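We begin with a single chain expressed as structure tokens, specifically the form predicted alone.
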Amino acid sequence: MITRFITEVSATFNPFLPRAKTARLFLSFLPPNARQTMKIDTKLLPKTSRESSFIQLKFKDGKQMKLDAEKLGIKGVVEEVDRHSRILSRQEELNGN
């Protein structure tokens, strides 16, 4: 997963539900130095909450994504992040940076 273009990550999930697995896995995929290069915010919902899990991302170009972690699954979330990160990588290469 390409994470160098991500500036902010916000994850909201209920850690007691199996549907929160996607959000937990996504947070575990972030590199060890992620807190130095991006702002990470996690919101843990109470055990009785029925609110759905989601991941909100902000990229260097200002684009924001709000991904439904329960519907997409970890593979879908990683694909969405990589798709936009590859676009930013190509733009960076074309600009000569």
Partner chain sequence: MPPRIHPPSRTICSLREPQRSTPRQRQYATATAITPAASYGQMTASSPPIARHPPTQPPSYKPPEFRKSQLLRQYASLLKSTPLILLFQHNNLKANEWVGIRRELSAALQKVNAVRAAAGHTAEPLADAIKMQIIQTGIFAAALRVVEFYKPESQSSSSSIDPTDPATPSSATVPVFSSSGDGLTHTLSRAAHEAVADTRTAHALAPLLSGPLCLLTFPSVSPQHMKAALSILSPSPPKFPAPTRRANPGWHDAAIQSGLQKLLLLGARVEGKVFDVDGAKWVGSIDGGLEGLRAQLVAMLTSVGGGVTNTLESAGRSIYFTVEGRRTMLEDEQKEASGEMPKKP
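In this text the structure is predicted, and so the values were computed from the model without any measurement. Residue numbers count along the first chain shown, from 1.
The discussion below concerns the form predicted in complex with the partner chain, not included here.
Contact here is defined as any heavy atom lying within 4.5 Å of the partner chain in the model of the complex, and by that definition each of P15, P32 and T42 is a contact residue. Although the partner is absent here, L88 lies well away from the partner chain in the model of the complex, with no heavy atom inside 4.5 Å. Of the heavy atoms in K47, some are within 4.5 Å of the partner chain in the model of the complex.
Under a 4.5 angstroms non-hydrogen atom cutoff, the partner chain in the model of the complex lacks L67 among its neighbouring residues.
With a 4.5 Å cutoff on heavy atoms, H84 does not count as touching the partner chain in the model of the complex; it lies far away. Residues of 55 to 79 placing a heavy atom within 4.5 Å of the partner chain in the model of the complex: none.
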